[in-house]
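First come two forms of one protein chain, each written alone as structure tokens, so that there is a structure 1 and a structure 2.
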Structure 1
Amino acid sequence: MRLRAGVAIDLGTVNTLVIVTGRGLVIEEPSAIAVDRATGRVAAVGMAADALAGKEPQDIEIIHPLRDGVIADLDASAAMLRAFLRRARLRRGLLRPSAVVCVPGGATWVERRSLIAAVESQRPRCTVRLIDEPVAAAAGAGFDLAAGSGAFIVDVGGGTTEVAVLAGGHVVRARSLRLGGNVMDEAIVHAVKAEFSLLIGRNAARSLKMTLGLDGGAAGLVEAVGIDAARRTPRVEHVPGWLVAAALESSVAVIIDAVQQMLSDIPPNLAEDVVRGKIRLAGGGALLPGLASRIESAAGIAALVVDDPLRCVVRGAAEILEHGDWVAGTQAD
């Protein structure tokens, strides 16, 4: 038996991932919870809750408690986290299990404390460490943080984009933008409505974003099903790549601007590490077709999407759990 059981948690605005040491990735689900309106009881979490989002069931409320990168509903966040942990079935080792948790950069101190408390209240009782998400992303991207090397991370999530420069396990400069894949999806919904008078859902918008991206995709035109704004009946439309690219432009400009600002403020001793280590893109938004090359040409240094960007943070958190006593984190007392 292991001396110490361990759990690594990436509590993202769109997806929550959990790795249990020795068992690997045990949870990879949307950050969503469904609550019974009458009783307040948790009706579903994760995939089952998210599948009902936007479909307006009368008796239950679907909550995405971290949607915008701030913890909009602390009770729902804690309930969701506890439900995922129960499902992960953490077993006790000889020592108290340890947990490494990553939350969006926008979370306040009070919110962080409450999430730590939610993990701690779970059985078996864990010793919890909260880690800055970009530090976990850099560890997941393979940087040798223990050796103190520098890294430039752009983590494009659903509700937030974190732009950060690190040295070893420490944040040197960081910005958390309240913008990510969700804002991009909304921009596509608006553009399709304006151009074709067609009301599409978030899922349809997301799939247009993934297929067409910033450079129109290979297909050029992609089918989308929505509701005709005038007749209120379902209709199919062929959405061109240029429309999607134009809709995404303002979000991309904000991300690029943040990258450029951060590059202009790098301590000289970190410049070489950043140039040699390249700008690393993590998070689901890193997969947006055309984003890495746009950042690369605007920044003037190489930009690279990390391996498996959706799981990079949780992988890094698991790495820190096993080998990362040197990483700075908020320790629960």
Structure 2
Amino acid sequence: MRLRAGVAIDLGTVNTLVIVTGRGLVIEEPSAIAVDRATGRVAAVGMAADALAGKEPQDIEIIHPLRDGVIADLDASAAMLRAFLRRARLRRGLLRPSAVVCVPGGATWVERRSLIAAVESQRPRCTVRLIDEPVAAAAGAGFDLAAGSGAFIVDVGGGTTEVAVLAGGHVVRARSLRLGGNVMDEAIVHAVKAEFSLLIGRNAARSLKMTLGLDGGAAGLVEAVGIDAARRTPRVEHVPGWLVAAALESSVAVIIDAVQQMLSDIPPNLAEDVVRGKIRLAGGGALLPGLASRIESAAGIAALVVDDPLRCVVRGAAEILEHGDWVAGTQAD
């Protein structure tokens, strides 16, 4: 029996991932909750709730309780976490369980306290520690942070993009951009509406983004189904790669600008570590076709997508939970 149970949580705008010590990844579900309008009770969480999003069921309200990587609806977040941790079957050992929770580097004190409150409301009660997402991403990417090595991380999530230079388990320079996959999806929705008078949903926009990317994809055209804006009837359209690339350009330009600014401001003693370690891309947005090559071209330094980028942050959080006494974090009072 373990003296202390532990849980690592990546509570993201789009997905929530949970690793329980000794058992591995036990939860990987959309950050969504469905609430019965009449009773206020939770009808579904995660995948089952997200499947109803945008379909407007009359008796159910779909809530995505996180915005830009932090809690926007504390009650809904707490209810969602309770359901996830109930499924995870976190059990108390002889000591109070430890929880490591990832948070965007730009989160305010109020947002951090809201995260701690949401996790502390669970049973069994946990000792909560917040870790900045770039630190967890670096640990998940395989950097030996305990040795004090430098790392350059670009973590592109659903609500935020974290651009950071680290030395060991400490942030040296960082920018937290309140844009990510969701903003890109919305840009594609607007572009398709403007070009074809077609209203498409979030899932269709995400599919276009990941298929066509920044370079138009292999086919150059992808079928999308939506609602004709004038006739209000379903219609099929073939969306070209150039339209998607143009819609993504403003978001990608902001990310590249942040990378270039970061490189212009790193301490000289970290330069060699950054060049030899390469710019590492994590998060679901790292899989955007063409993004790594665009960053590499603009930075003049090799850029690569880490192994399993979707799970990189929670993997690093689990590593910190087990061995990361050398990492600074925010502790619950």
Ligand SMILES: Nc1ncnc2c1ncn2[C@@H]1O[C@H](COP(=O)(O)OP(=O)(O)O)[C@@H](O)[C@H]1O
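No experiment lies behind these values; they were computed from the predicted model shown. Heads up, when I say rigid core I mean the largest set of C-alphas that superpose within 1.5 Å between the two forms. Residue numbering: structure 1 sequence, from 1.
Comparing the two isolated copies of the chain, the second one is the form predicted alone. A movement of the C-alpha atom of Ala38 reaching 2 angstroms or beyond is seen between the two structures when the two forms are aligned on their rigid core. A displacement of less than 2 angstroms separates the C-alpha positions of Glu296 between the two structures, with the rigid core held in common.
Relative to the superposed rigid core, the position of the CA of Lys278 differs between the two structures by less than 2 Å. Taking the core as the fixed frame between the two structures, we note the C-alpha of Asp68 moving 2.4 angstrom.
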